[in-house]
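Just one chain is shown here, as structure tokens, and it is the form predicted on its own.
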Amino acid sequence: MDQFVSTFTNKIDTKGRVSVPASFRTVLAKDGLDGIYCYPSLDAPALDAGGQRLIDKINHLVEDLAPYSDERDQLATALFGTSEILTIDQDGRTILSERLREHAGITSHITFVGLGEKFQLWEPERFDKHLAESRNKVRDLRKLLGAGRRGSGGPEGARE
């Protein structure tokens, strides 16, 4: 599979290292980036992360804006200027910088959340709250769209 899926919570050891889920390492290796491209999320107290596909997607977003425009410079600054390439050691562990950990409020544990082409890193309790809010929003959206009812145009079988 070439997508980041599932959720994993891992402990940060005394040296500040955390094990990257094996399935995420497999996707990163297939993606052709030797490490993890990581930056503070623009709209959540979390970190966005991924491999070469994420970098390519951001490049396309930036390139679609007018050269030398304020918007282009601001997007590039927000996404490239705050990014880090995290290395993964031979045991599958990485270390987050203090700046990244501080943005996400990460202290002793990290929750890795697969989002398809990218993944996020969260402080576990913050993620639990985010997940509850997300599920509520999806339920409201399903009600609005009438999802799961025959003839409604909504996806069949999308029930809990």
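As the structure is a computational prediction, the values presented were derived from the model and not from experiment. So that there is no doubt, residue numbering starts at 1 and follows the sequence shown.
Although not depicted, the form predicted together with another copy of the chain is the subject of the following passage.
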Margin query: Whether I88 contacts another copy of the chain in the predicted complex should be assessed with a 4.5 Å heavy atom distance threshold; does it?
Written below: no
Check: D43 near another copy of the chain in the predicted complex, any heavy atom under 4.5 Å?
Finding: yes
Check: A29: heavy atom within 4.5 Å of another copy of the chain in the predicted complex?
Finding: no
Note to self: Even though the partner isn't displayed, in the predicted complex is L96 close enough to another copy of the chain, meaning a heavy atom within 4.5 Å?
What the structure shows: no
Check: For the stretch 81-118, which residues lie within 4.5 Å of another copy of the chain in the predicted complex by non-hydrogen atom distance?
Finding: G81, T82, S83, E84, I85, R99, H103, E117, K118
